[in-house]
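Consider the single chain below, provided in structure tokens and representing the form predicted alone.
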């Protein structure tokens, strides 16, 4: 009897954890499992902001895929997905064409620029290992260039972060820690450096308790960060951004603009004929795509509604990892000829937002609020717990955050 072919597209949190769960639950004689990714490594997207700021090296963020898969159970194929043909059960790759019996789509996110003029051309985006390496080196170049020019240009020392959501705030925390080090390294007065956050919404960190938001902003302002809340970016040019609040329009000269204000699902999903909103498919309760019983969609490409507030759950790593567990269980059931598939029910353990290496705030265990060093330790515990689930103690020791203070 022919073994079913399971293809997993993408080795992000959802895709790689699905593969790891399947290799534990399926025997080698039950299915062919192939995971396809354009890089030969998995990277922790929730750590990318640290690589961008330069507070950790990018090599700590990435994990070789072959270090965590059992290669006689799961085949890894390095290739780029071009198109999915769900009606033909085919996936078109840059260098190959594959057929499947069951497909898992975990292709991750793309930046969402909301049509802001010049943003794609002139802003920097936190989206991959290569992008954050570029951001780090760009910032270091600007600091180096400042003291090597006869006519000082203040914009070289001006960094604008677009967005005061989770990613934007975490990036600001890392930059606030990194900038004093850069100033010492390049012999620059810290007072010359401007770090500005622009947020169109009326508050930073929407969804967080106001007391937690106040703590985060106070801590970051104390480290010299300027906030422009309720202020929209209207245009990004090669040398500046143009912002507006009410009727007031302002141009801010800046050599570095980092966009951290929105993501969408992978555009391949829409191009392949799935009904999607900003690259995200409203999946069935068992995580299958509507109308396609052999296609599961997880992670940033999946849309799951929180019925309590009638809004989508945010596309977080926590939810992607939980989706992977449900997806793997349902694939095992289908491979074994069962039709009692599990419903995906998110179990939100809490959310902790870092404000640099030694500071954080958030909510855990339901409603328990944490601040400062206690929250920072919890954030590192959460990060290390994922590594434990992915590759056990050896991976925690190799890639984990073991410096808690």
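Since this is a predicted model, take the numbers as computed values, not measurements. Numbering follows the first chain given and starts at 1.
Another form, the form predicted together with a small molecule, is not on view; read the next lines as being about it.
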Within 4.5 Å of the small molecule in the predicted complex, do 175, 217 and 375 each have at least one heavy atom? no
Answer key, the small molecule contact in the predicted complex at 4.5 Å (heavy atoms) among 306, 80, 90, 96: the residue is 80
The small molecule isn't shown here, but in the predicted complex, which of 167-175, 185-193, 330-338, 136-144 has heavy atoms within 4.5 Å of it? 167-175
4.5 angstroms heavy atom contact with the small molecule in the predicted complex for residue 123: no
Can you tell me if residue 371 lies within 4.5 angstroms of the small molecule in the predicted complex, counting non-hydrogen atoms only? no
Report yes if any heavy atom of residue 84 sits within 4.5 Å of a heavy atom of the small molecule in the predicted complex; otherwise report no. no
Residue-level question: is residue 318 within 4.5 Å of the small molecule in the predicted complex, judged on heavy atoms? yes
